[in-house]
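Only one chain is given next, in structure tokens, and it is the form predicted alone.
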């Protein structure tokens, strides 16, 4: 297994390993350590199927089973491999969606930060990629926090923030009507359990309010933080090739998708490792 750091604010390319073979504990521990070190790891030219991907995911930790709204229709293939989901704009011969591709993906976010225990790792395997666009961007939240202006650091350090996600919209939710919407208060800045580093843990898609401040007073502070964290100097943008498999550390990075033409096929297979309650 060869690890080649990217010429980017984060990330590494991993070659010389076939992920169809479920790693033993020693190799799984090595892979976990590499993901924690580089935040985003890219394994090109992989050919494994959904069951093999799920077995690999289980080797890294407990698999996150996605909670979805009652009216969401999941592709039948994901029922055969619980813990696997498809991010796709492709429809089957009956015109039914074979996955989801929410517009919210175009805003930077942490996965499942609106739950009490956000994901530890997210993984995507590329099955079909558009000719143009549909890239994934990851932002280095260690660097974003380290370089955040001191006045903004003082506004959020040691405080929690409300994270809300409404599957039905990409607009900021109505905070007066959150009864049926998933939400959680999370530290604005987390201490990573593996390395002790502090990372920014707020994001444009889901973070709505800072503890102790009104929504109105929170918004300009959060917008300034989002603008800072999304600067290109902190971001790696990945142009997908078929067979790419990417694992990222959800506590260390945010991610977002670039635009692509709706008629241009894009299909990724996703799995996740569940995380723990966060520590400020």
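Quick caveat: nothing in here was measured; it's all calculated off a predicted structure. Numbering follows the first chain given and starts at 1.
The form predicted in complex with a small molecule exists for this protein as well; it is not shown, and the discussion that follows is about that form.
Partner contact region in the model of the complex: 108-116, out of 147-155, 195-203, 108-116, 181-189, criterion any non-hydrogen atom within 4.5 Å of the small molecule.
In terms of contact with the small molecule in the model of the complex, the residue from 136, 126, 163, 140 that brings a heavy atom within 4.5 Å is 136. Think of it this way: in the model of the complex, the small molecule has a heavy atom of just one of 19, 10, 268, 14 within 4.5 Å, and the residue is 268. Looking at residue 255, you'd find a heavy atom of it within 4.5 angstroms of the small molecule in the model of the complex. Heavy atoms of residue 87 reach within 4.5 Å of the small molecule in the model of the complex, making it an interface residue.
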